[in-house]
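Have a look below at one chain only, the form predicted alone, in structure tokens format.
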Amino acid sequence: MQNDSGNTVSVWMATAEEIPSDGALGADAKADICIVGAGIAGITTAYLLAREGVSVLVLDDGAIGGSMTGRTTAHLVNALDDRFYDLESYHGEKGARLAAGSHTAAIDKVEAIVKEEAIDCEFERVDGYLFTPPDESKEQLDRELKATHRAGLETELVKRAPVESFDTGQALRFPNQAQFHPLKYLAGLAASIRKRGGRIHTGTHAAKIEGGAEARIETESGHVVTARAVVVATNTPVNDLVAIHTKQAPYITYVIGARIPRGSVARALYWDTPDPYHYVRLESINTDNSNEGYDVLIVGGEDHKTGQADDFEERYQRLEAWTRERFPMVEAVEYRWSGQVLEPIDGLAFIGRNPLDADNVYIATGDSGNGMTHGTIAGILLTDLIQGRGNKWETLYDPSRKTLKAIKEFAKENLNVAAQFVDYVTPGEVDSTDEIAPGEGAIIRHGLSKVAAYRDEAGALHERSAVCTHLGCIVDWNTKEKTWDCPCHGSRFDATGKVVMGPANSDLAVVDGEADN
């Protein structure tokens, strides 16, 4: 599977084939709806619209699922990343009930699609367990139990999660959650879209996106797509300068996949409550000899703000140490990868009409650690809005909403962004490019300017401006993914400065107008 978003490879990328598409857009095109982004939100929206006879055209600069959908841990849950008692404080008891109901509906929708389209994606219903270590207060579980009941979920408090290798302490059981292989699922959706006449053009960068009487999407190659509406489903909107980006914050999360004997850990989803927190699930790997199959224990955590840490190796080591201490049956860590999570200030995604934009421009962003269900909710909700139907979730997920009770979180995240501009006056990380080893990058100062310098494995030096093309923060080198990461709003660029993730929508500038050395 093609990897568009970093240097590491997830278990999904390693166990899925490239998803067929219609290749790069080779001419001007027209469709009822144009969708920018071929991840879970974009492909689900395209699929549901295509089922209703709407002509859809999807654009993505990379492969289908090649960005953050391929880097998820693929929990399908109504046990949300934010506690329900927090969601109540932001959105009220009614809002919390709608949130629970929408994520439950999303799991059911995935299951129905899998059955209807006969998609072989390892979909499986499992229970989920939120546990608090024995030496920590149980108050959080007690509060969450009551809040989930008010939200309409049938949770129960149990003495421990069904793990024999360590004492989890008391746990809150969330019945009827699910898991699947996200890229195999997208492959099934993509095949169905194309069978219904929809087009999916990969290797095609949407350079300019405009709404109006007719939506117009200009591609980097010069071809233009026109449509009656456009959906921007690019993890974080690439068509916005400020509006949404002040209301959510980008975080990098880390994942390991460890080989364990098949059946040695009960099949379920697991989450703990400390800070840093951890999330766990299983993936079964079949070999040519079915008797030799094994499980991969997928464990994530150790999050930090994008572009604001340089201890990547230590975070993987801490994740592995936590895992080995609690799951001594681990034989070897076979996968290590990271992904980016967008955390909205009030815990829920932004899905609907784009603020301060034409009425026919829609967005889906703010996964908040629940990207698979939020992405499916986006498909359901956006299809209803585009088709002129009412939807009871519309106000809850409205991107224009103002959550006054989240003002402290808003201030904290935006003060953090403002603090990053001090990087303009700090020294470079190295004094000379001679100090940069092959395969590595570093920020170097050239007079008043900062330069992102990368030396490739062949020894050639690539220099680009270190100024993010979104709002001008200084990017930071990610030694594991081999990307330049913006510490303000999460834009990411590959080692040579090509944009791979928004909100930036153009490459890092060439230094002094010159090409690479």
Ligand SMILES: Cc1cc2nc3c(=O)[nH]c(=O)nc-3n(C[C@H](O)[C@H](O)[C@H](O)COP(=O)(O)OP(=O)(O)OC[C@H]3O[C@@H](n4cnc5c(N)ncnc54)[C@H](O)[C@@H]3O)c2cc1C
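For every residue, the number given is its place in the sequence shown, counted from 1. Quantities reported herein were computed from a predicted structural model and do not represent experimental measurements.
In what follows, reference is made to the form predicted together with this ligand, a form of this protein that is not presented.
This ligand isn't shown here, but in the predicted bound form, which of 346-354, 72-80, 92-100, 307-315 has heavy atoms within 4.5 Å of it?
Every other range fails; the passing one is 72-80.
Taking any heavy atom pair closer than or equal to 4.5 Å as contact, tell me whether Gly441 reaches this ligand in the predicted bound form.
Residue-level check for Gly441: no, no contact with this ligand.
Using the partner position in the predicted bound form, report whether Thr323 sits within 4.5 Å of this ligand, counting heavy atoms only.
Heavy-atom contact with this ligand at 4.5 Å: absent for Thr323.
Flag Gly371 as yes or no: does it have a non-hydrogen atom within 4.5 angstroms of any non-hydrogen atom of this ligand in the predicted bound form?
Gly371: contacts this ligand in the predicted bound form.
Although the partner isn't part of this model, could you tell me whether Val230 comes within 4.5 Å of this ligand in the predicted bound form, counting any heavy atom of the residue?
Val230 lies outside the contact set for this ligand.
Would this ligand be touched by all three of Ala63, Asn235 and Asn505 in the predicted bound form, meaning a heavy atom each within 4.5 Å?
Yes, the whole trio is in contact, each within 4.5 Å by some heavy atom.
So which of Trp393, Tyr294, Phe327, Tyr279 gets a non-hydrogen atom within 4.5 Å of this ligand in the predicted bound form?
When this ligand is considered in the predicted bound form, the option within 4.5 Å is Tyr279.
Could you spot which one of Thr155, Thr204, Thr383, Gln248 gets a heavy atom to within 4.5 Å of this ligand in the predicted bound form?
For this set of options, the contacting one is Thr204.
Determine the residues of 326-346 with a heavy atom within 4.5 Å of this ligand in the predicted bound form and present them in sequence order; the list may be empty.
Trp337, Gly339, Gln340, Val341 sit within 4.5 Å of the partner.
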